[in-house]
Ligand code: ADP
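Starting off, we have a lone chain in the form predicted on its own, written out as structure tokens.
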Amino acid sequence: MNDLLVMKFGGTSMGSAERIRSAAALCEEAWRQRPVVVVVSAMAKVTDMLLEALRHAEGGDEAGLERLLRQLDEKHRRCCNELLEGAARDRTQRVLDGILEEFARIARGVLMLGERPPRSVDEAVAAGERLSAAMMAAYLETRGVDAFAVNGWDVIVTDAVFGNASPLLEQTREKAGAMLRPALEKRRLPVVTGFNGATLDGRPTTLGRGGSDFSASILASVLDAAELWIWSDVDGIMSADPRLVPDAKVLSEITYREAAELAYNGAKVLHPRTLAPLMEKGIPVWSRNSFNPSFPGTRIVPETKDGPIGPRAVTSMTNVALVSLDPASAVLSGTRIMARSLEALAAANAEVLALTSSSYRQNFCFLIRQSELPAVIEKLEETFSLELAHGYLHPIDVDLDVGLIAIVGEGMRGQAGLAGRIFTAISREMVNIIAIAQGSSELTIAIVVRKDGVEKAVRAVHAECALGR
């Protein structure tokens, strides 16, 4: 289909009746010019509320569960009343009631079982996107747009890794094409729930962190879209967090690889998985602000017009943990220890943010997100139970008082003295560097420092590399 546009709206862009009206106006404007598919997130904070309700249910807290069910009902009922009138309001409220009743049924089942089966969690938390899709489609209809809500599990086919599923693109191409293309040809506007899909045999799944963005990129890929627009509450991708660096600027254009590296290392941009379905086809992505729609935002493309130009942005993370493994005996092969550690990390479904090792002592450390630490430690202790019990391996060391700084940019390869300048800029702020990691592509330089030095280091690097306005 020629000139298809996929538009995705995040939680803040769907956070109230006012914001849904603004998002709908953007959808209508685009729809009157070209075919459009819209993907929506749950209203801001709703996914957290759904997960909290399930936690209360698992813990046997019936009163806490019922309180959250009331809050969810009140939030969406208020939004529906502000957004719609008359028969459209009544019809949509019945749809919302049905979705919330389904969620309540699952949550009360968790209360009875005393546990949260991953499959049930995936089915339950998709309620947030279903609620917002129903309201967006209904409001668009009142504006004369032929819109209809679509549940993501009816168009996106995934594997069975509940909580972090991956798409099966060929099967999704068939299913999405059969359901969405005929509607698009009739000038209809599908409003698809982000974040969720289903296995081939119909079991609901969710797509993990950044799931709604990922849904949008999957659909853009399988429908051969011309563009993907990601609407959020920021003007685009910036050279640094403006809360840390006052002169940070919006980047007008960056590459897929730069965007993925920035996201992987803590920047509030697209999740790295979001870009994967788009790369092969070279579908451009725009990161734009629904609160400031006149601003052009950031364009993400295979290659920038100016080519590689060195450092583009610096980002940071503080909710990380540095895990160190140190063999106590020369009997152990450091290479085998590292290999088995990486297998344990894979089993824990953890992402390694940085890894560095010593050549002589064969000790090494890696950086992970704190949220993944319990599962990682459990798998490491299970993997090395004998070595730890007999003292061949020193006790696993965990340091939470650290933060990550990442300098990202195509074209850093071969820039003589760049790393030295960065390290010198950080040391001038009296910030000690704990570990350094740089991939062979030289796209990212990752530096681990003490947590209290992260902000100073980010500002120093941003100034040294002249990344600001």
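For every residue, the number given is its place in the sequence shown, counted from 1. The structure presented is a predicted model; accordingly, all values stated were derived computationally and were not measured. Throughout, rigid core stands for the largest set of C-alpha atoms superposing within 1.5 Å between the two forms.
Another form exists, predicted in complex with this ligand; not displayed. Remarks below refer to it.
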I need the one stretch from 239-247, 101-109, 338-346, 181-189 whose residues put non-hydrogen atoms within 4.5 angstroms of this ligand in the model of the complex. 239-247
Only one of R78, R94, R143, K268 gets a heavy atom within 4.5 Å of this ligand in the model of the complex. Which one? K268
Though this ligand is not shown, can you say which of V222, V155, V234, A137 has a heavy atom within 4.5 Å of it in the model of the complex? V234
is_contact(G15, this ligand) in the model of the complex, heavy atom dist at most 4.5 Å: no
Those residues of 3-38 with a non-hydrogen atom no more than 4.5 Å from this ligand in the model of the complex are K8, G10, G11, T12
After a core superposition, would you say V458 shifts its C-alpha by at least 2 Å between this form and the one not shown? yes
